[in-house]
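A single chain comes next, written as structure tokens; it is the form predicted alone.
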């Protein structure tokens, strides 16, 4: 289709304002944050004296930041595993249900309508060691299963067990969203392929591994990207639910950045944490963008 010169000018006029705004308010502020991270700004008054990567080096030698990185790694692995496995199971169950699909689908998707702040407050009460789920366990005779949940400072190797309630709360909010993604993918698999496999003698497990999982690979990748970037920059849920926890058991880089910047007034160090968080998210997003672009070109 041949576009007229007028159409091209109108298109450029529509795109340019958005491009300028993104350039200023996204990439401009990223550059500004990096400049602050490399400055000596350590107080309420700005100090832009160049100190290089001093704050980045001090962060990686900080015990608290090392704990934060381990917590982020464990939280990301568990969060992805629970949401993807749970979402796939629920989607397959819902795909085979005869009646009431809309009711169950709305029940699973309802948590997505709630903010992480509300989720954090609700699950903070549920896992409260004195008034929450422990009381229920005692009343049904399962008091041996009660423990201190998010205030338990114990750890296995570098994994803090207090992270488990946080993973449960975050998974509760996102598992319905992942289920909806998988359900759409399952509905896109032609019934003829599955019926042909059954006629060839393939069992349920073989159909699942050879047809369903390969068909859902793009959705699994998209789910990993969505959940990965949520887990790497998580702040509000953990801050309202547990804070940094005992001995930084539930601390995350976002909480460390918030306390360093806005409570401690260490702006350069806080900016350095922000840049590191941005790089962690970029490590997840950039391979996905590369994969999508290669797929389009192929």
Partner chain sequence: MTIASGVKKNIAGSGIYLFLILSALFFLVPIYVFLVTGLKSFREVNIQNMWDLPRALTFDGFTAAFGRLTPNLLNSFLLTIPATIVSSLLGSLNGYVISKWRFRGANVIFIVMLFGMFIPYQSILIPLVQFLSGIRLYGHLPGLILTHIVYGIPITTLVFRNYYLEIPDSLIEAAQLDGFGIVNIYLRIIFPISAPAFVVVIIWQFTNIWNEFLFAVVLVQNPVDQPITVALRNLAGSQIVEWNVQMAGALIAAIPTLIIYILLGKYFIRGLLAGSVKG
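Note that the coordinates shown come from a computational prediction; the quantities given were computed from them, not determined experimentally. Numbering follows the first chain given and starts at 1.
We do not show the form predicted in complex with the partner chain, though everything after this point is about it.
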Contact assignment for the partner chain in the model of the complex, among 113, 145, 209, 77, heavy atom within 4.5 Å: 113
Proximity to the partner chain in the model of the complex, single hit among 81, 213, 196, 131 (heavy atom within 4.5 Å): 131
The partner chain contact at residue 109 in the model of the complex, heavy atom, 4.5 Å: yes
The partner chain contact in the model of the complex: residue 97, any heavy atom under 4.5 Å: yes
Any non-hydrogen atom of residue 177 within 4.5 angstroms of the partner chain in the model of the complex: yes
Any non-hydrogen atom of residue 220 within 4.5 angstroms of the partner chain in the model of the complex: no
Option from 136-144, 201-209, 188-196, 69-77 whose residues, in the model of the complex, bring a heavy atom within 4.5 Å of the partner chain: 136-144
Partner contacts in the model of the complex for 11-28 (non-hydrogen atom within 4.5 angstroms of the partner chain): 11, 12, 14, 15, 18, 19, 21, 22, 23, 25, 26, 27
